[in-house]
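For reference, the chain that follows is the form predicted on its own, supplied as structure tokens.
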């Protein structure tokens, strides 16, 4: 299915936000997620269904000084 991840078009097979995170290689990473502009906490990612045209943001904290 075609979705947008961090402003880039992606063709993915995942049907949930949790599945997408695994598919994109973010499993185990400390990240924040949003689906169609709404924050999705880690505890809700398994239930957050993806649909064609979805907009997903995945943000990882940066360290530095």
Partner chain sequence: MTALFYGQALSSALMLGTAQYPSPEILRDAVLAARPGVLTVSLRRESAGERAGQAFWSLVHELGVPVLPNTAGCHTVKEAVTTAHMAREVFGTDWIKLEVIGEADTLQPDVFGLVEAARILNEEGFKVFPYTTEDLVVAERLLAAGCEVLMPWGAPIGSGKGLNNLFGLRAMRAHFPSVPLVVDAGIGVPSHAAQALELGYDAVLINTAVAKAGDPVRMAQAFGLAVQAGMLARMADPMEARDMAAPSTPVAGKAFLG
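From a predicted model like this one, the values you see are computed outputs, not experimental measurements. Positions refer to the first chain, counted from 1.
Below, we turn to the form predicted together with its partner chain, even though it does not appear here.
Only one of 24, 54, 14, 48 lies close to its partner chain in the predicted complex, with a heavy atom inside 4.5 Å, and it is 24.
Within 4.5 Å of any heavy atom of its partner chain in the predicted complex lies no heavy atom of residue 1.
Residues of 14-37 that come within 4.5 Å of its partner chain in the predicted complex, judged by any heavy atom, are 24, 25, 26, 27, 29, 30, 31, 32, 33, 34, 37 in sequence order.
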